[in-house]
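One chain comes next, on its own, written as structure tokens: the form predicted on its own.
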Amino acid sequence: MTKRQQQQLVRAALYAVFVLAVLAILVIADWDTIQRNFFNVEIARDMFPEVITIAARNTLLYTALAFSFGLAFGLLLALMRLSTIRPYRWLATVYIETFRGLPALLTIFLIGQGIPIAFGTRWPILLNITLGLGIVAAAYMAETIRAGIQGVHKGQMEAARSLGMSYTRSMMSIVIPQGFRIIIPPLTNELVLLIKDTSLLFVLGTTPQTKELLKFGRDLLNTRFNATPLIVVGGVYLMITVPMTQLVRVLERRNARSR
């Protein structure tokens, strides 16, 4: 057999294995039980409109708050990481490496429960959420922003300084805007990850009006003893995240063409 024929044979065998696996699942699976426990139409119908008007709305709100905080703080950390002043650079490095290495759930526990217990204070739920998610997001965004700034050709800074601009003005007016153009796709990916990380917020003890998507689905799972709420919640997550991932691909192609 020629090399081409061998490749065709292997390809045909892989297709045959896939078809056999699908047929086996179709024959073996108890579809009535699956439909009753995972795709119960009545339970799914009862979840609306609250799954959209409360759970999905809160998820998007928490994501927007944490992303805004993380982006602003991440920019500050990135500038400190690039600073010529060593204490600033060291402080930013320690922060970034620490919160990139810690589990996000641990940080949320620390902000939402550890600090209030230690200082005898109680913060509003939105502040706990913003800090709990935003502190971790800032560490990842800082490295992304730093890479974007360093990705701008140094000739841009040199040209701005030759026109009489100060270092700060050159950075804010010339370098950072070009750097953000480079990092829009990875920042969008970070936004998608942040949406999914809102599922960790159940540890803060949300109320019926402050539930995010996963907490909403888990409560119904425990009361209905049926997995349909999790399937519905997963579908809502996909409705939010899939368009964003497609947007990332469009932005990446546009950046590639512009370069």
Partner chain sequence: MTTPSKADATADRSGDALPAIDVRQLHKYFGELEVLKGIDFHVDRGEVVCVIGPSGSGKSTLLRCINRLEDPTDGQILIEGDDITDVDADVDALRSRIGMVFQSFNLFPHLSVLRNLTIAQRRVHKRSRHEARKVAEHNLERVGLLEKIDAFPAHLSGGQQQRVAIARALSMDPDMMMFDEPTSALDPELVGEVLAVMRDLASEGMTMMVVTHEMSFAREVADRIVFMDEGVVVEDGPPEQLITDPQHERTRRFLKVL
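Computed from a predicted model, the values in this text were never measured in an experiment. Numbering follows the first chain given and starts at 1.
The same protein also has a form predicted together with the partner chain, omitted here; what follows describes it.
So the partner chain isn't shown here. In the model of the complex, which residue out of 160, 76, 147, 106 has a non-hydrogen atom within 4.5 Å of it?
Looking at the other structure, the residue within range turns out to be 160.
Since exactly one of 93, 83, 188, 178 fits, which has a heavy atom within 4.5 Å of the partner chain in the model of the complex?
Checking each option against the partner chain in the model of the complex, the one that comes within 4.5 Å is 178.
Is there a non-hydrogen atom of residue 164 within 4.5 angstroms of a non-hydrogen atom of the partner chain in the model of the complex?
Residue 164: contacts the partner chain in the model of the complex.
At 4.5 Å between heavy atoms, is residue 156 in contact with the partner chain in the model of the complex?
Residue 156 belongs to the contact set for the partner chain.
Is it the case that residue 89, even though its partner is missing from this view, gets within 4.5 Å of the partner chain in the model of the complex, heavy atoms only?
It does not: once the partner chain is placed as it appears in the model of the complex, residue 89 has no heavy atom within 4.5 Å of it.
Counting only non-hydrogen atoms and a 4.5 angstroms cut-off, does residue 173 reach the partner chain in the model of the complex?
Yes, residue 173 lies within 4.5 Å of the partner chain in the model of the complex.
If contact means a heavy atom within 4.5 Å, which one of 112-120, 165-173, 93-101, 128-136 is the stretch that engages the partner chain in the model of the complex?
Looking at the partner contacts, the answer comes out as 165-173.
Just give me the residues of 47-79, first to last, that have a heavy atom within 4.5 Å of the partner chain in the model of the complex.
None of them.
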